[in-house]
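Only one chain is shown below, in C-alpha cells, and it's the form predicted alone.
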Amino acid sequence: MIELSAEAVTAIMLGGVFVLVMTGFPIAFVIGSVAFFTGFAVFGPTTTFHILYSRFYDLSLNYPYLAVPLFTFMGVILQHSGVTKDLYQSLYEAMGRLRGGLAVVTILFGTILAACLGVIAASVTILTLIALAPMVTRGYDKSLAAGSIVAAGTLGILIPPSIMLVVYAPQAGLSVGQMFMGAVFPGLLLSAFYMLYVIIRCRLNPALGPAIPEDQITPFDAAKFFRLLKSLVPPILLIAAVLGTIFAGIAPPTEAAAVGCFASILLAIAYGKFSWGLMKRASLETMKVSAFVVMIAAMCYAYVGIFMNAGAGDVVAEFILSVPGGKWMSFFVIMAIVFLLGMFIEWIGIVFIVVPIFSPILAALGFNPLWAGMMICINMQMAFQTPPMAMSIFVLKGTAPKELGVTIGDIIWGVIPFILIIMVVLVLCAVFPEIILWLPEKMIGAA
C-alpha cells in the first residue's frame, strides 16, 4: 500500500480517466482499471475486493434497472414494426407548404419517436434513413438537415421513456416515475424551440429550406387528415400505455415498461410485422444493450466506491462548496463539469460517476433534488452532440447514404445552434423551475 492524500487520489483517479479515455479503449475498461489499480495501491487487495464485492452486490439488487432491458426491447420491436412508416409522410403532407417544413416535420417526428423508443441510436438511425435524403434532394442546406436530425434524435434520451432517466434516478435516490414526468415539459420545450429556430431561419433565408414547389402541392383534404390521425393512433396508444400507467399511479416505471413491451408486440402483430425472427433480433439487441449497461455500471460502481472511500468525494465537495459567488456559481461549476465530461465520456459513465458525488453536494447547496437531476439530464443532451465523443453525430454519419455527400463538418456546424438552444432551455428551467416540477407534483401517488 502507498500513503496518498485524498487530494492526490482525486487527481490520480480523475486525471487517469481523462488520459486513458484518449487512448480509445472502451470506457468500462478505462474506469475499471483506474478503480482497481488505485484501490490496490491505497487500500491493498483485501479491502479493495471487499469494497468492490459490496458495490457489485448492491448493483445486482437494484430493481429499477430491470426497466433498461424492457424499454430496450420495446424500442427494438417498434423500430421494425412499421408503426412509423406512414407517420412521417402524413406529417409532411400537412406542413409541406411551410418553408423548412421538412426539417420541422423531422423534429416533430423525432419527438414522437422519442416518446416511443427511448434509445438515441434507434431514433437517429430512423430519422436519417427517412428524412435526410428527402431534405438534401429538395435543396435543404446540409447542415440544417443534419442538425435537425441529430437534435430531434437526441430527444430520445430525455423524453420518457428514457433509459438515461431509468439509470439516473436510482443513483440519485429519486423516483423514476417522477423523473419521467419532470422530463416531459423540458423535452417538449426543446422540441418547440428547435422547430421555432428552423422556421425563423428558413423565413430569413428561404434557400436553406425551400417549401414544396407550387406545382407539386396537393390539397390537404379529409382523406389526408384521416390518414394523419390514423398514423398518430399507434404512438399515442403506446405513450398512454407507458406514461399513462405511471402518471395515474397504476404501475411504477419497471412494470410500465413491461406494459410497453406487451403493447409494442401487439402493434407489431397489428401491422403484420410480428415474427419469431423479430423476437430473436429484439432479444439479442436487448441482451447486448443490457450487458453494455451492466458492464459500465459495474465498473463505475467500483470506481465510485474506491473514490468515496479514499476521501476524494470530500475533496470535490469542498472545492465546489468553496467556489466564490454562492450556490448558483457552485451549481454552474457542476454543470460546466458535466458539459466537459460529455465531450469525452459516454453518458452512462457520466451518470454512474458524477451523480453519487454531486447529488449530496447539490442537496447541501439547497437545490431540489428532482430539479437538479433534471437539469443535469438536460445538460447531457449536449453530450451527444459535442465532439469528440458525439454519439448522435457518429450514428448519423454512419447511417447517411454516401451519395448525399454529408460530411462530419456539415453535421457539427448544423448542431451548434441546437446546442445553444439547449443552453437557453437550461436558463429557462433555472428561472422557472415549475417547468420541471409542476407535472411530478400532479402525479397520483407522488411523494
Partner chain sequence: MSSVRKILKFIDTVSETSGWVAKWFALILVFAGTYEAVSRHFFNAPTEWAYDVLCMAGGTLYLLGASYDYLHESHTRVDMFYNMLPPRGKAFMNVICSLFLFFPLMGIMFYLAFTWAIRAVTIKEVFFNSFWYPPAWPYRTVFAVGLFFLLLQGAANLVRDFYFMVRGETLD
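All values reported here derive from a predicted model rather than from experimental measurement. Only the largest set of C-alpha atoms that superpose within 1.5 Å between the two forms is called the rigid core. Residue numbers count along the first chain shown, from 1.
What comes next is about the form predicted in complex with the partner chain, which is not displayed.
- Distance criterion of 4.5 Å from any heavy atom to the partner chain in the predicted bound form singles out 284 from the list 284, 237, 269, 321.
- The single contact residue among 291, 200, 336, 188, judged by any heavy atom lying within 4.5 Å of the partner chain in the predicted bound form, is 291.
- Residue 342 falls outside the set of residues with a heavy atom inside 4.5 Å of the partner chain in the predicted bound form.
- By the criterion of a heavy atom within 4.5 Å, residue 258 is counted among the residues contacting the partner chain in the predicted bound form.
- Taking the partner from the other structure, the partner chain in the predicted bound form has no heavy atom within 4.5 Å of any heavy atom of residue 328.
- For residue 432, no non-hydrogen atom is located within 4.5 Å of the partner chain in the predicted bound form, even though that partner is not displayed.
- Annotation: in the predicted bound form, residues 24, 56 and 251 each come within 4.5 Å of the partner chain through at least one heavy atom.
- Shown alone, this chain has one stretch from 68-76, 98-106, 149-157, 221-229 that lies within 4.5 Å of the partner chain in the predicted bound form by heavy atoms: 68-76.
- Along 16-52, residues 20, 21, 22, 23, 24, 25, 26, 27, 29, 30, 32, 33, 36, 37, 49, 50, 52 each place a heavy atom within 4.5 Å of the partner chain in the predicted bound form.
- Comparing the forms between this form and the one not shown on their rigid core, the Cα displacement of residue 162 stays under 2 Å.
- Relative to the superposed core, residue 368 undergoes a Cα shift smaller than 2 Å between this form and the one not shown.
- Core-superposed comparison between this form and the one not shown: the CA of residue 196 stays below a 2 Å shift.
- Between residue 26 and residue 394, the Cα spacing is smaller in the predicted bound form than in the shown form, differing by no less than 3 Å.
- Between residue 264 and residue 157, the Cα distance is greater in the predicted bound form than in this structure, by no less than 3 angstroms.
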